[in-house]
Ligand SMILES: Nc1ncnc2c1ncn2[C@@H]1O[C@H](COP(=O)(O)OP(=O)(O)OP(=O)(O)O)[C@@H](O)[C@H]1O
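For reference, the chain that follows is the form predicted on its own, supplied as structure tokens.
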Amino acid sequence: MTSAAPASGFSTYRRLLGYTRQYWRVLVLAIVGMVLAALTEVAFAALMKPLLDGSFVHRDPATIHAMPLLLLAVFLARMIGEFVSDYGMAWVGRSVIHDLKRDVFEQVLHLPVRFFDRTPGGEILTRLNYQSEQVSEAASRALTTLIRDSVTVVGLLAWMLYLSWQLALFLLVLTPVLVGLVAGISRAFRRYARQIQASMGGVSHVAEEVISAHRVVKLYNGEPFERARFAEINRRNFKDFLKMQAVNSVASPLTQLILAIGIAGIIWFATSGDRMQQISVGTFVSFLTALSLMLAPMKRLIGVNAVLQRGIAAGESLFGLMDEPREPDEAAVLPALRVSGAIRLVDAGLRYAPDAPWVLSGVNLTISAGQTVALVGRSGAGKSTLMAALPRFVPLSTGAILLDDWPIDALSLTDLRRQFAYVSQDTVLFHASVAANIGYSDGAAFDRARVVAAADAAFAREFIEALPQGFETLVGENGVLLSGGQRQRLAIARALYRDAPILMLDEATSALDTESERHIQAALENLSRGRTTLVIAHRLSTIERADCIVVLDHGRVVEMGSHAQLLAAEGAYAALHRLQFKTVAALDA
């Protein structure tokens, strides 16, 4: 998939955090819990000074009695703060995932057909599932660590400065070194995270292809090839993860080594000369306690960088998908209407890029309402593209298409596509009931009586009622539980239920046996009365009774007329007809 240059990590993360804005009440409560939990770390270090100086050195009775209660209070506050912050951020994180998946799926629903032509389905699924989870980690767990551990570190550092600014100075000197280390690690993390996103998409794509084409793989003994292809992309994904883990594994020990240098310097400074007389036992132990308590949050702050950079890389990928231009659907000039079915193409031309060849060129065609028009021609002649241009699946580059003398751009996409019903040679069914598949155009509010009537007209009712739950039977993914002919009849029933003024049939009877095809042809002929029917036909015997046959070649209309007229003209159609029937005769022989 081509994409724009990635945005900066800051802008991506800021956009990501925008998803938490509507949950600000829970987020604020969670942040309060984080701050409370962080301050208990500081409080525990601070209690070391009175605990040692007051209880063991001066043996102050008030301090001795107060210390157990204060310690309990600190840990009780810590328990409450951690629960509020952990549960609150988990709630916000899952809410962000929910909203992101909703927005990404909504975007996918409105992307143009050409986007799906150039983008593997596995890559889209990876963005919807894996990458949204990575983004949630950056929005919840990483944010928790950033806030809570940053407050802890700052609070402990402030306490150490209060106890002895000379000792704390050793740590402050190391700050630029740590900042530089984190910056370098961040760049490496994000680079490897992007590579992981890409390789994960490849893994999903290869697996999805094998699953969907498992019969072809088995029949052609494609297992070795697919095994090698998957092994290569899986190995690349494995290496990318190890590279990131190597950076992650070296980051924490290196940080601790730098801090250990600071601790060694502090101990040397505090125990040299007469400074031992200037610093009390309680002060020194409290300082070292604060320093030791600071190591864990510092380690987490370095470690969270991996999560943060993975989330930012995933966010770049997700937002790249969400920023893809949608199908253009300007405000409709016309109100919702039902056209009569008259179609006119005026100098229609189409190509997919300025330097690409013309798929359609100078097509002029007038179809009266109620006509049955067949589109024929060799493979690549432009038949499917012409049909796809009618509901604006692909936009014209030049010329115009009119329905009832209205440009199709004057209708909203919803109103325009309501004028069409479609049956393709590649039957598409959804993992839902038979009734829901037939009444798909009305969603969950389909009319049961119309569903049954459509099934009757498609000669599908008999086999439907023989299914275990009749019309409520689930058909399986893409109708896998049905035969090819049964799937095709359900698709035809769906088109019948649609009751649109224009029917588009792409070899709609290709998967039917001879007896079923005879019944379906009769049903389609009855349905086409008063409706415009466009038929892409590869078997010329199925379109001999069409009102008009349009012959396309290299995107141009080269012939037009009835079956008898075109045969008599001895042109392109007659040549196709002779070639096809010679082939059939040879096969029969």
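Given the structure is predicted, the values throughout are model-derived calculations rather than measurements. For every residue, the number given is its place in the sequence shown, counted from 1. Under this definition, the rigid core comprises the largest set of C-alpha atoms superposing within 1.5 Å between the forms.
Only in words, not in the display: the form predicted together with the named molecule, which the text now covers.
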Among L288, L467, V475, V359, which has any heavy atom within 4.5 Å of the named molecule in the predicted bound form? V359
Interface check vs the named molecule in the predicted bound form: of R531, K49, H563, H538, the one with a heavy atom inside 4.5 Å is H538
Taking any heavy atom pair closer than or equal to 4.5 Å as contact, tell me whether K383 reaches the named molecule in the predicted bound form. yes
Whether F225 contacts the named molecule in the predicted bound form should be assessed with a 4.5 Å heavy atom distance threshold; does it? no
Even though the partner isn't displayed, in the predicted bound form is F105 close enough to the named molecule, meaning a heavy atom within 4.5 Å? no
Should K243 be classed as touching the named molecule in the predicted bound form when contacts are defined as heavy atoms within 4.5 Å? no
Would you mind picking out the stretch of 371-379, 447-455, 340-348, 402-410 that comes within 4.5 angstroms of the named molecule in the predicted bound form, counting non-hydrogen atoms? 371-379
Heavy atom within 4.5 Å of the named molecule in the predicted bound form - qualifying residues of 112-131: D117
Do you see a C-alpha shift of 2 Å or more at A353 between this form and the one not shown, with the core held fixed? yes
